[in-house]
Every structure is written in structure tokens, then in C-alpha cells.
Ligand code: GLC
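Presented below, as C-alpha cells, is a lone chain in the form predicted on its own.
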Amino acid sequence: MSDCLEERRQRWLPDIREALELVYDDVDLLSRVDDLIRKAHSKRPAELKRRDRQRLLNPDWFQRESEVGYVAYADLFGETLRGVAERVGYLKELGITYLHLMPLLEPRPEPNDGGYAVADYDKVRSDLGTMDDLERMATVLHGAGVSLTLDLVLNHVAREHRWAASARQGVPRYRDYFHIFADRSMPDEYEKTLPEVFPATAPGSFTFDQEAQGWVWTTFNNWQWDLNWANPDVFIEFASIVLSLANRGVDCLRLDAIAFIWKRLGTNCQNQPEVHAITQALRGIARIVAPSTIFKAEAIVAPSMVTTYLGSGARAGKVSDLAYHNSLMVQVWSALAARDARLAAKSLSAMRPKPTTTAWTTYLRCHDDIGWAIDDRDAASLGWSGPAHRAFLADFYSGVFPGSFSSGADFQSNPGTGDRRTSGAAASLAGLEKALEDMREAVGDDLPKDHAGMTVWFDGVNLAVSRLLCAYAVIIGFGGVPLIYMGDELGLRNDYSFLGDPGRRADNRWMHRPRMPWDRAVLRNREGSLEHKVYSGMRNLIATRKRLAGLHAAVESSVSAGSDPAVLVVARRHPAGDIVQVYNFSEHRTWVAWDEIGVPVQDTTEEISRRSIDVGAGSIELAPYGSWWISGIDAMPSRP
């Protein structure tokens, strides 16, 4: 059966040509790309070609209300890739359809930035398995209705990568793969406008390498060498890597550090137009060979810039298919700390609409720290100081602000700029860790130290669980692909064992990268336990999402604040059914009038609890950290 390769070539080659001509002055480049396309297509397994045909008939598969993601480190979740495949039943039970496994390609020895210093793109970490194991795991996931996402690190490679090793040996071809300068004159010029990513542990953006006899561009760490994407050979290398991973069964590639790949003197070397042209060309290549594979941009940039990674202007819908909604994550934590949702309403309302064929990935936590990306103008519109609010959030979530419920920690403080980021597990940031400590002080040491299987009765613990579930209700209901970070569904708190590991103790982000405690996971089925309370609440939110067609990602959310500053209203107007969500970001009860919500006052249902609403009351009562999803008309069942 024909899989329409030639038709796809005719469709996507013009987009590839346009992008390449903008970036590269190389008349043979398109021909090299076309040869690569034909060779990769000839190697694509028949089962993946069938998957391509299915998804070509359902191009919005990743936008649907049925999509729910899970993010984990393979070793921490299942020990090996085979172990991950054996845990697919757990994912299905929770309602997961999209699994993002954190970096698993062969890195340099630790330190390796959590695997983001790749030494070989053609190998899996030896402790996890082999490329054959990766293919087998992808097949198992696909059979269970779960798509596989992997990281593709684009900006840099490990110093130990064969390209860098050849560059150090003086091979001209490979020295041109990197930015290597004979003296400090050009690095000094660049650094006039370059920010520091890791000022505490890796100051500056260039490292002198004795073997290479030059200053190497190293944005992140001295053992992560930035690639020279102005070299067309680098483009060809990564086009080949994209197609190789797609042919292994990878459904989505997370384009790591995509904002940094193009360098331009006099700028911060982020978000340059060539970045989007390169992404368009890579996506076009993938669309021809592996049309079931999509791209996700890891672009943690200002809200005004992030939509460009989904495409704007002539590139609308031609670059990445997914992008992280970093602003939503920041604003949820901000509203919880301040008990004030007005800044969230202001910031989220100001975001530009994304292309209707794309989707946000929404998340409360990830593997990384939280940078407090508060826009000074948004803060000023409320009479707040942007720097002061950022400092407040850093203090609050590190637990030093008076009355804070949080147990986080500062990450990479920069005294020069005042920038302070935050590490911590979602449950600990939401107050569960501190509430359990308070309970232990109140009742003595009779409780199990890890509180496993503990019956929930302490008011502070119940409040912290409600706070965590309220935050996740926003993430799951906002529209897009919600991502559940591993362990959040069980209320896992900070893991301080990293302090005993010499290779990790300097990076406190490991406190929110725990190993999955499968003995604790069993307790999710013990009614009354802490694990059951969190898990059942999360599972109910996921199941509710799946039956509401109005959460399809093609529709934007409209955000506003209630008359009570603690209240946030999120409206989704969709032909399949309007949904209005109302959230209380405080520990106090509050009432919201119908005219603030804007929902028709007939046949109205609160979907999370599945209860009918008394429209004659004139208002609704929100419990502390209450979440209501209100449908004005009957919700349609989720598509199969």
C-alpha cells in the first residue's frame, strides 16, 4: 500500500527549501536533505508507517481532551527501559496517553546536567538498556495507547562526544561544528550582552580548553560545548538524528534548549529568527518521513516570545507542535503564595493566541527549577513591584517568608541581578511536607517517618492536599496536554538523599527527582490513606477532563479575576460545549456570583463532582482551594 511519500515531499519540500535558504548559503543542501529523506523512509518499519497513516487521518490527536502526559526519569520510574514497559499498566490506570522519559541517550559521566550532556545520540545509557530495548518499549507503549516523548538536545553536546573529541584533535571539519576562538577578543564582545545561565556553578559563557587550544562556547557548563548551527553539516547531522529516533518509535521530540542555538553578536543569543527557520526545516523533514512524529519546544522564554515557537506570521503552524506554558506554571504558584489571582489573570490574558493546530503543554512541576518570570509591567498594572514580587516568591517557596507553607530551596542565586530560582517537589512546595512535620510535632513520634499509608485527618494535611489538587486542576483543565510529574499523583515530597551523593549534592534540583517508591504506590488503593487521597483526586480530574470535548486544545482559554482577589475564572468557549472553571487560591471560603462566571443559568453541572448546581442561589460557594468546572450544556463524550 502506498504511504504517499511523493505527495508529502511535494507538500513539505517547499517549506524546507524556504527555511534553509534563509539560514544557509549552500546550493547543495536541499539535495543532501532529500537523499537523507529517501534513505530514512526506506528504513522506516511497516508498523510505524501504519501509525503514520492513522495519525494523518487524525492530525489533532495530540490536541484532544483525551491526551494526558506523564514525565519521569526512566531509571527512577522503572530502573530500565524494560522495567518502564512493565509499568505501563500503572500509566493506563491513571489515564496517561503520553509518556515523556527524561534524557536517556548516552551522556558523559556525572556531572552531566541530569543527562543533558549527550556523548552519543546513537546509544541508550548502558544501565537502561539498548536501542533495541528502546524500540521494544515504544512498541509496548503504542499497544497501550501511550505515545513516547524523548529529549533531543540541540544546543550542545558533551565534551566527550566524538565530534568534540575530533575538534580537540584539530580536525578542521569538526572544529567547524563548534564555536572555538583563539583568544578572548570575540568572547569578550559576546559576553557584553550574554546572560549567565548557571552563575553560581558555571559563570561566563566560554571555557578555555587546553587540548583544543582555544576558547569554546559553553553556555551551560564547561563540559557542554555549544554547536555551530551556522554550519550546514550540523543541520544534516541533526536531521539524521531526528529521523533515526523517529524510526525507533519516538512520537514526540522535546527540542531542548532550542532558544539558544543561534548566535548573534550584540544580542543575548536567544530567540533569533534563524531558530524558527531551522525548526521549520527539521519539522518538514520529519513530516515527510515520519508524519506521526511531532516536536515540542523547550523554550522557557518571556510570555511575549513563547508563541513564536509554535509559529507566528508566515511560520504559523510550521514549527513546533507543542510548547511549554511556563507562564501558567509560574502564575499558579504566584497566586497560591499571594492568595491573589489578579496577576495571573493579567499575565495570562496578555498572551498572544497560538496557532489553532498546536497545543500548550501545561505543567505544575518539571525536572527543572522554577524561574520566577514575572513581567514588571504586569506587576506594575496592579501597583506591585516586579522585583519585589519575585523576591517574595523566592522567599515564600524557600520557606523563609513568615507564615510560608512551603518547603523548597533557592537554586542558583545571583546576588548581582537578584535572580533566585526555586527547587522543590510540588507537594512540598504546596505545603504537604510542612503540614506533616506540624502533625508529627502535635501528636509525637508515633507516625511512620515517611507517613506511608497514614490516615488523613490533620487539618493542615487536608488543606495542603486541597492546595495541590487545586493547582493541578488548573493545569489539567486549562487546555493543551497536561503533564503530571512523576510522584505528584501520590503526593511525594522532597527527597534529600541526593545530599549523600557526591555527584549530585551540588545540584539541589535532585530533591524533586525522587525514585518511584512502588511500595508507596500500592497504598493508592488503601482508602483513607494520604496516597489514596491525592491519587484519587488526581485520577478524578483526569477522568473528568477526558469526557469534556470543550478542552480540545484548538480553543484558547480566556482568563479573568473574580471580585474576590483569590478567585480565578477560566472560560473555554467551544462549539462542543462551554466550560467555565472557577478556582479559589486561598484557605478561606468565598462566594462567586453568577454574573462573574458568565455561564447560562440552566442545565448547569459541576463536572468534577458531577453534581447539579442550584441556579436559584445566585452564587456558588467555593471551599478553601475549591475548584469548579461548570458546563453550561451537556458535555460530549470523549472521542475514542
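One-based numbering along the sequence shown. This structure is a prediction, so every number in the text was calculated from the model and none was measured.
Keep in mind that the form predicted in complex with this ligand is not shown, yet the notes after this line are about it.
Of the options K296, R365, H325, H156, which one has a non-hydrogen atom that comes within 4.5 Å of this ligand in the model of the complex?
In short, H156.
Sort through R509, R467, R287, R342 and report the residue having a heavy atom within 4.5 Å of this ligand in the model of the complex.
Contact residue from the list: R509.
Just one of 476-484, 185-193, 217-225, 489-497 has heavy atoms within 4.5 Å of this ligand in the model of the complex; which?
Selected stretch: 217-225.
Give a yes or no on whether each residue among E106, H161 and W229 has a heavy atom within 4.5 Å of this ligand in the model of the complex.
The answer is no: none of the three residues contacts the partner (heavy atom, 4.5 Å cut-off).
Using a 4.5 angstroms cut-off on non-hydrogen atoms, would D256 count as touching this ligand in the model of the complex?
Yes - in the model of the complex, heavy atoms of D256 and this ligand come within 4.5 Å of each other.
May I ask you to state whether Y90 is within 4.5 Å of this ligand in the model of the complex, using heavy atom distances?
Result no; Y90 lies far from this ligand in the model of the complex.
Looking at the partner-bound form in the model of the complex, is D113 within 4.5 Å of this ligand by any heavy atom?
Contact check for D113: yes, within 4.5 Å of this ligand in the model of the complex.
Contact with this ligand in the model of the complex for F198, defined as at least one heavy atom pair within 4.5 Å: yes or no?
The answer is yes: F198 has a heavy atom within 4.5 Å of this ligand.
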